[in-house]
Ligand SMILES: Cc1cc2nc3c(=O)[nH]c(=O)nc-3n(C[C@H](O)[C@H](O)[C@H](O)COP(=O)(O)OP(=O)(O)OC[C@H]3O[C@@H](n4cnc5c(N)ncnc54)[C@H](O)[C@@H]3O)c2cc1C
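Have a look below at one chain only, the form predicted alone, in structure tokens format.
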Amino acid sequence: MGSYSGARTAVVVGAGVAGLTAATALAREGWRVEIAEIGPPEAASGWGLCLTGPSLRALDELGLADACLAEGYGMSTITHVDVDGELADEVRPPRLIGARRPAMAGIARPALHRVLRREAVACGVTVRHGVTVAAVDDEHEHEGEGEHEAEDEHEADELIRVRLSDGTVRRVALLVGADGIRSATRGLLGLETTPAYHGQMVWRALVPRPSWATGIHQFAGKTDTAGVVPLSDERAYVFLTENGVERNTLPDAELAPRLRDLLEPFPGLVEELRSLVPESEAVVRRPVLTAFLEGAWHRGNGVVIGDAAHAPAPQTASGAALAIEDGLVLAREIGWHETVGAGLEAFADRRTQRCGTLVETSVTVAGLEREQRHHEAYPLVAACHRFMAEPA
């Protein structure tokens, strides 16, 4: 196996978890990386997420696990509570970064974004905001655009031509689409998939952390599913999966009162969570969508990663882990192969089964939740944690 010795220039579309991780991993391999992010420069807003063991393991390879643990809340148990408020089971995911460190961590999205962005910039990555990809092609004979075009000393046939939304053009060795489940890059590369809606809306609300919430708690309801994930010593987020509902939007002013209504039927500890919702800094409601890109994940020297290629339902808490792993594996495989194209082929070969299995299992779990078959869903979630504990 050879190693890549061509032009090391890349445009990454999207400054989320996948994009920032991929940019950092590439920059550490000597790539000159530019991120195009359509959003503003402020840190990502929103509630939070769970960094499972595979997430922490991948972040540890980048030397960032401890920074994330310091910003978040380390934990090692997932507690399932049945419809009567009684303990159903307790899952203890493997500690993949050492017995003295937690199995997983809850972290606020803005905090994770700050850690990842700070490292990317420290590695020399340029992050441009208010701009995204507008066109992509493999033809490099374009005259009259030199004043807008970043030139490279290598032969044109090694490069991919990327036109950004501000009219500037980049001729680079690699284009990475990390722009989410509704990826524009995916379409521009001629790769097609349609996100699927699963009849569920997920609610999340930032609240003060209850003292008993030292791990993830999930509560089975007669209709819906609720839970809490700690994010720090002070904060947590409450979640609720609303089943059997049409995909729609509600006015912001109705979100907190509606969430309180949905939490009312749950017994026990959920009563305390419900009482905290009026104090929430933010309540959001999003559809449960999944996607998996069948076939090729790349065309020429352009590739999609993260949710643009594979978006699991949130029930398995694996989306962030898959995205972070993608960035590391992508940089590694390109470095191990003589051409970018060969590296992208190897990347997809290595990731397809792992990511496809997680997406498929998450869809099954979502279906079991809709049917209130929680005792069948719990073992599948535990199996996902065991599966993801295997090397990426």
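From 1 onward, residues are counted along the sequence shown. Since this is a predicted model, take the numbers as computed values, not measurements.
The discussion below concerns the form predicted together with this ligand, not included here.
For the residues Val270, Ala184, Val91, Ala291, the 4.5 Å heavy atom test against this ligand in the predicted complex is passed only by Ala184. Arg109 is the sole member of His198, Arg109, Arg170, Arg209 with a non-hydrogen atom lying within 4.5 angstroms of this ligand in the predicted complex. Partner proximity in the predicted complex, defined as non-hydrogen atoms within 4.5 angstroms of this ligand, places exactly one of 272-280, 171-179, 243-251, 95-103 at the interface: 171-179.
Using a 4.5 angstroms threshold between heavy atoms, Thr79 stays clear of this ligand in the predicted complex.
When this ligand is considered in the predicted complex, Ala317 lines it closely, a heavy atom lying within 4.5 Å.
Contact annotation for Arg204: at least one heavy atom lies within 4.5 Å of this ligand in the predicted complex. In the predicted complex, at least one heavy atom of Ala36 sits within 4.5 Å of this ligand.
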